[in-house]
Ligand SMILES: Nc1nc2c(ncn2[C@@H]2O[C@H](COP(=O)(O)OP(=O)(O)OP(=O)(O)O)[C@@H](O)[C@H]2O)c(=O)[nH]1
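Take a look at this single chain in C-alpha cells; it is the form predicted on its own.
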C-alpha cells in the first residue's frame, strides 16, 4: 500500500509549525494517524510531537560554531540541508516501513531551498522511491497579502515551488482569523490579476517594470496556475476543507473510498471561493 506525505513549505513566519500542530489535532479528532517530521535544523521549539527531528542529525548552531566552516545563518542552513540530502538513510531509518503512513514534513522557510537548490527536489524523489505519494502545501501569510505587489511576490514564490518540485501542490493563505475585510480577502483568494495590475499601475513609474509586471500577471491569470485556500486554525470546517483537497490530490485512502473536495470540484484551482469563504468566515 502507498504511503502519504505533505511537504509543508512557505516563507519564514508563514505559520508552518502552527499548520502542522493544527492538522495533527484535527486528525486526532477524526481518529486518523498523522505524524510530523521536523526538517528545520534551526527550529527552536514546536508544540507537537515529532516522529523524527533533523536536529538529531545536524543543527544550524553547530555548523555556525564550526571555525573551519564559518557560515552565517543562511549558509549554515543550506549546509545542513545538503548534509541531510547526503544522509537520507537517517530519514529512512526514522520513518520505518509502516504501510499507509501519513506524514507532515515541517520544512525550513528559506525560499532558495525551493527555487534553485536541488535539496527539496531530491527529497521528493527519495520519498517517491519509498512509495510515498507527496503533496506540496505552500503557505503564505495573509497579513502580507493585502497589497498587490506583495501578493504577486507570494504567488511567484508558490509558483517557483510548483515548477521546481513537480508534485501536486495546494496553496494556502494562513492566519485568516486575523483579517477583517472579507471582500478584500476573497479578492486575494481567487485573484483577478488584471484588475490587480490596474489597481497598482499608478505606483509603477518605470515602463519596463510595468510591462514585466503585466507579463507575470498574464502568465498567472491565463493558466490559472495559483489559487489559495483560506486557513483559519479556529475553524474546524475550513480545516477539514483544506485537508479534503490535499487528500484528494494524493488520493488518500483510495483503496477504501476516494474523498473528493466538499464542493465537488476535481481540481483545487477550480474552487468556488464564494461558497468556501462564506463557510469559513461565517463560523
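Residue numbers count along the first chain shown, from 1. These numbers were taken from a predicted model, which means no experiment stands behind them.
Although it is not shown, the form predicted together with the ligand is what the next lines describe.
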item	value
Placed ligand check: the ligand in the predicted complex, overlay by site C-alphas, backbone/C-beta within 2.4 Å	open
Sole residue of 82, 147, 177, 125 within 4.5 Å of the ligand in the predicted complex, by heavy atom	177
The ligand contact at residue 18 in the predicted complex, heavy atom, 4.5 Å	yes
Contact flag, residue 247 vs the ligand in the predicted complex, heavy atom cut 4.5 Å	no
Contact of residue 233 with the ligand in the predicted complex (heavy atom, 4.5 Å)	yes
4.5 Å heavy atom contact, residue 53 and the ligand in the predicted complex	no
Candidate stretches 154 to 162, 127 to 135, 85 to 93, 169 to 177 - the one whose heavy atoms come within 4.5 Å of the ligand in the predicted complex	169 to 177
